[in-house]
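Just one chain follows, in the form predicted on its own, and it is written as structure tokens.
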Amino acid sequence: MARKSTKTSNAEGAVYALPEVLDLKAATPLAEKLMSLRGQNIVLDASKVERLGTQCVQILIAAAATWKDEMAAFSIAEPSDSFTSGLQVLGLTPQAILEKEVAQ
């Protein structure tokens, strides 16, 4: 069973632990959670991610662009090997998510 995601805060802002499985079923809850944190500096803890789907990657890219537009900090910490390899399949890296431009 997937662990529940948690939110704590540190000096950098809110820390949100991404769930182990970021697939189609996780896309809506992920988007809702990120929207609830909008306007705050955020650090996504990706250390527990075991599976990463395209829909959730799209949400993360859109969220990073939103935070950038709002001049709030958005970062990904401790990406697991599975998180990184899931991105690599799509030709991305954790850094690329933060730098990706979203078509307006």
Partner chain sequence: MDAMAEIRQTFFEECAEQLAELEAGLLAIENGEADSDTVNAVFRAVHSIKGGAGAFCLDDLVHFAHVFETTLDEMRSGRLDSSEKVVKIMLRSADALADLVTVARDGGTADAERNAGLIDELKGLVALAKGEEPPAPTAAAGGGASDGPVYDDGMGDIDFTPVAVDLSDLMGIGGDNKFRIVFKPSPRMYAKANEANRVLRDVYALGEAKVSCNTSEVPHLTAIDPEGAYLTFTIELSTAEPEEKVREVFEFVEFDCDLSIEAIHDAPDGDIEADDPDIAEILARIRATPDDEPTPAKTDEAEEEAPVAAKANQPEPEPEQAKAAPQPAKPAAPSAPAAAKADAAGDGKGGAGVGGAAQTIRVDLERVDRLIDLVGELVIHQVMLSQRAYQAGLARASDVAVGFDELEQLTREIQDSVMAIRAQPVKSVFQRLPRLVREVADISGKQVRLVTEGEWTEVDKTVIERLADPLTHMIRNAIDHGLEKPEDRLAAGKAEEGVVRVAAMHRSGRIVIEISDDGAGINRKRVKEIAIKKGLVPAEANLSDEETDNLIFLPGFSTADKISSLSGRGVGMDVVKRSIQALGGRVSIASRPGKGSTFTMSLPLTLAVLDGMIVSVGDQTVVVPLTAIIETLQPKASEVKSFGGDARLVQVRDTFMPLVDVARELGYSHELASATGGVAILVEAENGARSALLVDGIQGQRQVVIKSLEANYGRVPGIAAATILGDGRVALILDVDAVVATSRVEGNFFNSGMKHAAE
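Residue numbers count along the first chain shown, from 1. Since this is a predicted model, take the numbers as computed values, not measurements.
The next section is about a form of this same protein that is not shown, the form predicted in complex with its partner chain.
Using a 4.5 angstroms threshold between heavy atoms, residue 27 counts as touching its partner chain in the predicted complex. Contact annotation for residue 52: at least one heavy atom lies within 4.5 Å of its partner chain in the predicted complex.
In the predicted complex, its partner chain sits within 4.5 Å of a heavy atom belonging to residue 58.
Interface membership of residue 66, defined by any non-hydrogen atom within 4.5 Å of its partner chain in the predicted complex, is confirmed. Taking its partner chain as it sits in the predicted complex, the stretch 29-43 comes within 4.5 angstroms of it through a non-hydrogen atom at 31, 34, 35, 38.
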